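A single chain, nothing else alongside it, follows as structure tokens in the form predicted alone.
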Amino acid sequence: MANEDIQKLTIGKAINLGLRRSMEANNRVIVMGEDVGKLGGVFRITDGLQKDFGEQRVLDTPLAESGIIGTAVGLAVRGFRPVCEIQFEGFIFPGFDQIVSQVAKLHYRTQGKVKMPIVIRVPFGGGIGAVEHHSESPESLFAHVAGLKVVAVSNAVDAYWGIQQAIDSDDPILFFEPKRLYHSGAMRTEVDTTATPDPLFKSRVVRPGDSVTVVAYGPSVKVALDAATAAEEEGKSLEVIDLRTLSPLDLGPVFESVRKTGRLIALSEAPSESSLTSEIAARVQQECFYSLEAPVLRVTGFDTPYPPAKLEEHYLPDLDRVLHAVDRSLGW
């Protein structure tokens, strides 16, 4: 007999189910954003929620990110738990002022009297053949801001539990979702909906190894795992770590791994300049200097605006670029 508590889900379906569970558990949870209601979102992540919970809890908003975030601030002050969808990551910047000046600061400014239990869902990353402002990776900008927490999921289990944990948190959380993996059959995973989830703000070793440590997050985790499989055929053992949360960074497992392997590759779609991979490289150098057998290497997007769709395969870090970095590190 099949266990009804275990479902095989894509990342997109996992987020949808997680949202549904949170809305069932707490009638103060409100989903809002452009086209999230009748359409179910451009990626259909909120599909069916307005039908089941009504237009007062799943709100189709005007095309105005500053208005979406500003309204969420008011709702949070009144005791609601708004979940805002930013349709594409490149559209978030009209709401940037509200996020960094209000959402991130009100708890501190009021000495804890006002909480901001706001979740801002952000589809991010490339690989879908989209036009300008639809394929970017702005997560480093928000990880830099005190008062915000930043999560980046890479699989259906973390997507299902993570969105619920984020909604339950009294802190504002930006929840970055790898859009090109939303409906990937290859990423369909069994999710035990009765399990005890891992803590939200902890990184995880997702593949053990002892030759080179590869740290990644979001859509880059799949690239790292594919590279580890390919490297194994050449007798190289890559340990892959999924950061899961970008602020606060849990680098304890990374330090432990680097002390074992002596080598680190930091992988991300975002440009390398002043990025999360920069922070990882600096922190590992501080904590693991005497364990390093080679410089920390980074495999990232380029320090350019995201290119037209025909060129994105050259821009995005892929298996070959990771394997080249592995060879450089082992050849040092």
Partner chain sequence: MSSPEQWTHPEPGAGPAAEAAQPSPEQVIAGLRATSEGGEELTQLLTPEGERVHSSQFDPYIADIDDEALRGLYRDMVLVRRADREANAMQRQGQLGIWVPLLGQEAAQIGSGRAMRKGDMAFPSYREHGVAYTRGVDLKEVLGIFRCTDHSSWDYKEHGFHPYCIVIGNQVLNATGYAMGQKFDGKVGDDNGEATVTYFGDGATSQGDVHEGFVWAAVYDAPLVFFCQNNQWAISEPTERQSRLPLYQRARGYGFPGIRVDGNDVLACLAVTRWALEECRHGNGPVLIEAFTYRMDAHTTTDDPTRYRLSDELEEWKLKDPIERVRAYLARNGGADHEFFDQVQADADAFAADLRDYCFNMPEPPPERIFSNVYAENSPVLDAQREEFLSYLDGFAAAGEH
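Predicted, not measured: the structure shown is a model, and the values here were computed from it. Positions refer to the first chain, counted from 1.
Separately, the form predicted in complex with its partner chain exists; it is not shown, and the next lines address it.
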Identify which of V73, A231, V157, L225 has a heavy atom within 4.5 Å of its partner chain in the predicted complex; exactly one of them does. V73
Can you work out whether P208 and its partner chain are in contact in the predicted complex, taking contact to mean some heavy atom pair no more than 4.5 Å apart? no
Would Q111 sit within 4.5 Å of its partner chain in the predicted complex, counting heavy atoms only? yes
Given that the partner is absent here, does R188 sit within 4.5 Å of its partner chain in the predicted complex, heavy atoms only? yes
Can K260 be called a contact residue for its partner chain in the predicted complex at 4.5 Å between heavy atoms? no
Stretch in contact in the predicted complex with its partner chain, which is absent here, among 97-105, 189-197, 252-260, 208-216 (heavy atoms within 4.5 Å): 97-105
Looking in the predicted complex, the residues of 143-175 with a heavy atom no more than 4.5 Å from its partner chain, listed in order, are A146, G147, L148, K149, D168, S169, D170, D171
